[in-house]
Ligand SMILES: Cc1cc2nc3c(=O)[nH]c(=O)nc-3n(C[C@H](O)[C@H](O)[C@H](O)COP(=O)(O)OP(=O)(O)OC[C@H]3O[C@@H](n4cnc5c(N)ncnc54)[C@H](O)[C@@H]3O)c2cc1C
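The chain that follows stands alone, in the form predicted on its own, written as structure tokens.
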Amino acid sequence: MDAEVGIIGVGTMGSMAAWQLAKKGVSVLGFEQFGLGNDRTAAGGESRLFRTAYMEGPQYVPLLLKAKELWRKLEKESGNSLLTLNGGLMIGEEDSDVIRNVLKSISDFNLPHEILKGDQARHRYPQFTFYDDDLVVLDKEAGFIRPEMAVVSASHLAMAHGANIKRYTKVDNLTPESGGVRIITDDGKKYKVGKVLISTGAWTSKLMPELQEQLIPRRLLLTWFAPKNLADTGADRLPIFARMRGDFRLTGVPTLDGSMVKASYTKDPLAIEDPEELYRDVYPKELERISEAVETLLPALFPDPVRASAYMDAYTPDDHALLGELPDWKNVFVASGFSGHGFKLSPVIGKIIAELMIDGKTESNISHLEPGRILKGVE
């Protein structure tokens, strides 16, 4: 036996699981086909949003509150600043589903917030265009995360606790067998572990073709814009934001480098047939669409993006992840399909994985993430 736990994909979720498992004294053998903190899947782009008034549903709020505590623990243990809470604006039509979810999250868990309308919102946040039917919710426990540094921090803490992480090592095959799982890498080497975690994000269907209909790789285009007045777009003046209007969703982060504001179209990303052939450039129609939205909804920015980069994530049919042991695959666990909204949760996902793999259960309610709901047709 080479390790108690093998982790395939030491990225967003895999790094956090390695950190949590190794801290508990579990022997961990990790495999990462690229370098630690790479931008080939869901950790690229310099920032990710942290929100607690959650538009994806109030069932996530307890997980988010635990995640915030664990972000602080990761910062303390690593000595790196990873999470900045500067507030978050959720802006959309008052009768929309996303705003209703935001308000239910606040109501169910008594989250610190403010609600603004009309001239009050225009006066406080002149960076945006507001419509009469808009409701503006300021989530006071929101902010932004440094994703690449987070993955690097968790990975190196895991190694400091004894984890063995094999970088630039691709796994070609895994097979459950008596007493554990056999792992074969692309150089023909074989390893045996007691249990294995698949946390390969958009690459999961390459390793497990059985899941190609449940875990669909999608291309996320992130874009950055030059501000008209830099003083209006720093973290002290501009909260993170999700600006919804009709079927459009514009999410963004204040300037972190003193020159650009990140604002991206994050709804309905393009499906990818093969993650190895991700188109890293941009399609002109994409830039035209985001440019028009920024010009209309975020007039504090010049409307043409000055930078654009493509990344990936895995999406499920219902936009909720697969987290737990795979049905009919003994000792094989999955943490994938976070559908573009998982990074903020990653420390608590790592903790949950550790609990499931060590104790066979978790103290957190993850019924909405159980793999069986999709893999066995459970609604």
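Numbers for residues come from their place in the sequence shown, where the first is 1. Not measured: the values here are computed from a predicted model.
Absent from the display: the form predicted together with the named molecule. The rest refers to it.
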Of Leu70, Met312, Leu63, Leu326, the only residue with a heavy atom within 4.5 Å of the named molecule in the predicted bound form is Met312
With the partner omitted here, the residue among Asn164, Thr169, Ser291, Ser259 that in the predicted bound form has a heavy atom within 4.5 Å of the named molecule is Thr169
When you measure heavy atoms, are Gln20, Leu157 and Pro347 every one within 4.5 angstroms of the named molecule in the predicted bound form? no
Which single stretch, out of 20-28, 365-373, 6-14, 352-360, brings residue heavy atoms within 4.5 Å of the named molecule in the predicted bound form? 6-14
Using the partner position in the predicted bound form, report whether Trp203 sits within 4.5 Å of the named molecule, counting heavy atoms only. yes
Taking 4.5 angstroms as the cut-off for heavy atoms, does Thr52 touch the named molecule in the predicted bound form? no
Can you check whether Gly340 is within 4.5 Å of the named molecule in the predicted bound form, heavy atom basis? yes
Using a 4.5 Å heavy atom cut-off, state whether Thr316 contacts the named molecule in the predicted bound form. no
Contact check, 25-64 vs the named molecule in the predicted bound form, heavy atom within 4.5 Å, ordered by sequence, gives Phe31, Glu32, Gln33, Phe34, Thr41, Ala42, Ala43, Arg48, Leu49
